[in-house]
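Just the one chain here, the form predicted alone, laid out as structure tokens.
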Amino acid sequence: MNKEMLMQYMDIAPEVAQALAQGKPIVALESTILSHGMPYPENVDFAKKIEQEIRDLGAVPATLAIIDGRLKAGLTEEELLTMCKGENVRKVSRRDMPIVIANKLTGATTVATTMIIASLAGIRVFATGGIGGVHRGGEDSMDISADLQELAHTNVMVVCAGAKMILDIGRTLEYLETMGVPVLGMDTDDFPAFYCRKSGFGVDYNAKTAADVAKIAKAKWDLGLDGGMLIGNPVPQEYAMDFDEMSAVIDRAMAAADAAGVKGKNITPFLLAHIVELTGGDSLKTNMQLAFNNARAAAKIAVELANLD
């Protein structure tokens, strides 16, 4: 898409536009975590703090969303508040984008949609909480997140705390391997499991430093190997939750979803809300801390990638 065509659909915030023009490091952030993953008004403080974490490390934050049908790369205070309040804010994945844009609706971006908008804007590093993947029972239901296909085709690096524990992590990693997506660990041999530092599965490569990650990304994209990279960044030890305890909590949340007949794109917010309730709010605290940790790692990688360029 040429720039003139892109500007018919996208608004790039002045700070982000200047950073793009000057080749400065930028980190994209999703908005689904604000509209559908955290309660208001706590999410407002979170949104401002995570952007500041990125700025403190020398990169420019760009929270992405769709507002009144316009793709947004970077939000004003008012736009950020709109996403945090979540009133009439849809959860938008790739399939929903043309509908939301054409009808001038407002939507929060998932991992897949954030990758698309980031790529269109020219942003190559994206920090999120955890990616979607193959849902439990996905071998029968074919419930597989669009995040995985986006990682296969869109040239954006995703820094996350692994895959959400509500998923079939083994099948998720097998899918990524089939799609040729490099899965790196951020100074770890173990693929993290969102709330927990280990999932029982390994990564393709243990990247010891942000510079190591940046060099691998540059080599991949310089060679024309299209698609993203997944960087598994474990939650800090002091905020990590016990794997067995969380597995039991998730089993209870899954049973509640089955009993309520919740399926499709509604299942993730349903499960996460129940997990918060079942853990007495501890999972939400961990969710926030892992997101901050991912933002810091992404900022360091973005700085190193900009230096290579």
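So that there is no doubt, residue numbering starts at 1 and follows the sequence shown. Everything quoted here is computed from the prediction, not taken from an experiment.
The discussion below concerns the form predicted in complex with a small molecule, not included here.
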**Request:** Taking 4.5 Å between heavy atoms as the contact cutoff, choose which of I131, I116, C84, C196 touches the small molecule in the model of the complex.
**Result:** I131
**Message:** Exactly one residue in V111, V213, C160, L75 has a non-hydrogen atom within 4.5 Å of the small molecule in the model of the complex; which is it?
**Reply:** V111
**Prompt:** Based on heavy atom distances of at most 4.5 Å to the small molecule in the model of the complex, which listed stretch, 170-178, 116-124, 230-238, 146-154, is the contact stretch?
**Reply:** 146-154
**Contact of L272 with the small molecule in the model of the complex (heavy atom, 4.5 Å)** = yes
**Request:** Would you check, heavy atoms only and a 4.5 Å threshold, whether T268 touches the small molecule in the model of the complex?
**Result:** yes
**Asked** Going by a heavy atom distance of 4.5 Å, is T32 a contact of the small molecule in the model of the complex?
**Response** yes
